[in-house]
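A single chain comes next, written as structure tokens; it is the form predicted on its own.
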Amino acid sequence: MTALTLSTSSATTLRADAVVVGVAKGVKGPVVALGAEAMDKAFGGKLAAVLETLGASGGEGEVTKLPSASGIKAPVVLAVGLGDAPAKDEDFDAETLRRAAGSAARALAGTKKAAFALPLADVESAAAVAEGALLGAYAFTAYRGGEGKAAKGGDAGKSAPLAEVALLGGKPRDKAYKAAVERAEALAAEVNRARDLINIPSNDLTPKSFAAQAQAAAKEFGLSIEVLDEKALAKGGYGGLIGVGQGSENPPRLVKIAYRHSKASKTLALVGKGITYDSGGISLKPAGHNETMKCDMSGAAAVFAAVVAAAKLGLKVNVTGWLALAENMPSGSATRPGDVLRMYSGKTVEVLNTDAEGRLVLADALTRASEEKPDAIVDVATLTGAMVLALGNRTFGIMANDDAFRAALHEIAQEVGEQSWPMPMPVELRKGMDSPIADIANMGERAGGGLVAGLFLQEFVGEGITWAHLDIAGPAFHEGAPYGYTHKGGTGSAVRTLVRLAERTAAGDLG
């Protein structure tokens, strides 16, 4: 991963390949942001005017490169837009800095070292710039060049990521700054772990190989792990996992990976949907909807990464991750529409649509997680297209059986820069899942389909346990042009929210 250091050096004297400065939209044109005073002086106080001549406006995410002025060691200046300049005595918010740093890091792909002279008002802004730069400096190159190496030359997407970031204005001897950078490094590494898993094609990432990656990480970070294979799942009565996975040559797995702290008083259970490929099963997806279905394990990737992050950060909270892994394929052995599955909870489910499979594997995992009586359960899943229609491609929905917990998760997501929105759970939609032959059907009314899915999952949460459901179907996989620190492909959506939830739980901020 990209190396990151705090530096007290001047932006003009530090030896680097490029210096990153911030530029904002002012009333009369672009203005150079704080942190770049020495650079502006080297340009005779006219850096903003030069940038305006080159077409820069200071708009958010805008990137402008120009040759350095005399007296600057780095040969290139990269100005990144911060959007509207804040009011007097106010600072740029963390997400603005995070995205700006990410945009700069992406633009500097193929560069060895860059000095970031963005405005660092405090520890929080330093953490945001560090996090954004590390997330922006990402590339998935495992399948390039025949040997898993980044291609030489070509566009930025095929270049090696920025190798080193020097964060100017930070305080290398200050414990708070050092801790903020270390947290950013741990967090970015785990978001990138999730991204890598999501980007691996399904012929290489199967339930078995996903479980193997979890086992390797457990060994490396001292986590406990248990893997139930198809025989153990059948013996244990995990009808949801078996039913979804029985049409594939790659059988399902249920992985329990747990971090424990000797002084922890609270336990979080995180449950992730891990469909390593979703064809829709017998209810086959239409043409044009299959190409990105390797990403249907994004929830499990987020949960896995969050557990490892908690261990790296040494959080004083117990965190258990449940990865419900299966491949949903059509074959002679696949579950058919109209079949009835007996779940791990003992409830029976009439399968009306085999493409509503995520809720079936999650149901088994939720029941199993509930048996351990955690203080709270959060499940994460690319669950419904309906949620994408409701909230778009960048925002995930939050449902919960506790209004305060739902509000806290929304607040946490906003705090870490992940777009979310609290969603209702209308009780009248439950009736649509009534089945004439089973306890419940896996489908209900078409209208409000994302909410119906949440109501289905709630049926499998243990009594008295606080629970929330994050439907990340929109933001989990980005198909458009890169922006900020977000690249094309897997995004690692929800990792930062889950880690911050664990931190706040450890600090006793959630009751």
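In this text the structure is predicted, and so the values were computed from the model without any measurement. Start at 1 and count along the sequence shown; that's the residue number.
Another form, the form predicted in complex with a small molecule, is not on view; read the next lines as being about it.
You can rule out all but one of 172-180, 232-240, 277-285, 92-100: in the predicted complex, only 277-285 has residues with a heavy atom within 4.5 Å of the small molecule. In the predicted complex, at least one heavy atom of residue 357 sits within 4.5 Å of a heavy atom of the small molecule. Looking at residue 71, you'd find every heavy atom of it more than 4.5 angstroms from the small molecule in the predicted complex. Taking the partner from elsewhere, residue 190 is found to have every heavy atom lying beyond 4.5 Å of the small molecule in the predicted complex.
In the predicted complex, residue 414 stays away from the small molecule, with no heavy atom inside 4.5 Å. The three residues 353, 383 and 443 all sit with a heavy atom within 4.5 Å of the small molecule in the predicted complex. Put simply, of 457, 451, 32, 473 only one has a heavy atom within 4.5 Å of the small molecule in the predicted complex, and it is 473. Interface residue among 327, 131, 418, 296 relative to the small molecule in the predicted complex, by the heavy atom within 4.5 Å criterion: 296.
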